[in-house]
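Here's a solo chain for you in structure tokens, the form predicted alone.
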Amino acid sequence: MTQLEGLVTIITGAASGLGEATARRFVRDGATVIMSDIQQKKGEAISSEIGAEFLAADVTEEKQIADLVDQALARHGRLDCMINNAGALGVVGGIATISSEDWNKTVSLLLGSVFYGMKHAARAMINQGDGCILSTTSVAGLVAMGPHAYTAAKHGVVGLTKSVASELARYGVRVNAVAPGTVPTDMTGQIYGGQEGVRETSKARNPLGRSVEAADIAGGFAYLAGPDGKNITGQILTIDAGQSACPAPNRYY
């Protein structure tokens, strides 16, 4: 498959979970992939295995995101796709108990990093007159389905995606996000007793009776980045087996 042939792509949080699956899919589809993560050894091992590049970066530090984009431009002369994916569950607990420090750290990681990624990808793509900025939100960015800070930040990603899409459309730059359901990863496994626990819970809860896998999310990103997504901007692609749109089975007969 070569639908992403030559597409210079940065993926943050690419050493595990959704980011790793997306890096593997993009390389398979012909993209030139620059993986980034704070997990340097793991990221370097995966990038070597699949034929990608790796650059370590802490997405909560704007300068490191700026440098990441600059290095991509220096190596390849352009940036076609930026995928803001890095994240973690963040602080959990009741609203009366969350500390401001933990709140700010979580929002910095889940929303501030997306702002930095969009900002520095935009300065490259505006000059090019094209490009695609994608971000990972969540079904928790659409409905109340997660911890408070996580839910608030993911809602923020949805709003920022639509706002930036409105600004950048005139430059030919598309901005979209993917909202995964509960995907079996190390992060969600913390809540459900491991990845198999996530799968079994999802199968029982989701209207389609299936678990959404990391590869499904990677496919969503590939669709939005590729030629079939050329006229899509300002949209949130929800991949959750019906979890958010039809949580309760309805029968009209």
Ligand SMILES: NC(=O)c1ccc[n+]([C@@H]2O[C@H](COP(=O)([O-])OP(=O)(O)OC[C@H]3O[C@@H](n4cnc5c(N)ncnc54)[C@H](O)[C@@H]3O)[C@@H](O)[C@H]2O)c1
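Just so you know, these numbers come straight off a predicted model, no measurement behind them. Heads up: residue numbers just count along the shown sequence, starting at 1.
Same protein, other form: the form predicted in complex with this ligand, not shown, and the subject of what follows.
Inset, instruction - Evaluate residue 196 for contact with this ligand in the predicted complex, applying a 4.5 angstroms cut-off between non-hydrogen atoms, and reply yes or no. - result: Although this ligand is absent here, residue 196 would stay clear of it in the predicted complex, with no heavy atoms inside 4.5 Å.
Inset, instruction - Decide whether residue 185 counts as a contact residue for this ligand in the predicted complex under a heavy atom distance cut-off of 4.5 Å. - result: So residue 185 counts as contacting this ligand.
Legend entry - this ligand contact at residue 60 in the predicted complex, heavy atom, 4.5 Å: Yes, residue 60 is a contact residue.
Inset, instruction - State yes or no: in the predicted complex, is some non-hydrogen atom of residue 181 no more than 4.5 angstroms from a non-hydrogen atom of this ligand? - result: Yes, contact at 4.5 Å.
Inset, instruction - Report the residue, out of 121, 110, 177, 72, that has at least one non-hydrogen atom within 4.5 angstroms of this ligand in the predicted complex. - result: Here the answer is residue option 110.
Inset, instruction - Could you tell me if all three of 24, 33 and 226 have a heavy atom no more than 4.5 Å from this ligand in the predicted complex? - result: No, none of 24, 33 and 226 comes within 4.5 Å of this ligand in the predicted complex.
Legend entry - Contact segment among 146 to 154, 159 to 167, 92 to 100, 123 to 131, judged by heavy atoms lying within 4.5 Å of this ligand in the predicted complex: Among the listed stretches, the partner-contacting one is 146 to 154.
Inset, instruction - Taking this ligand as it sits in the predicted complex, which residues of 69 to 107 have a non-hydrogen atom within 4.5 Å of it? Please list them. - result: If the 4.5 Å heavy-atom criterion is applied to this ligand in the predicted complex, 69 to 107 yields 85, 86, 87.
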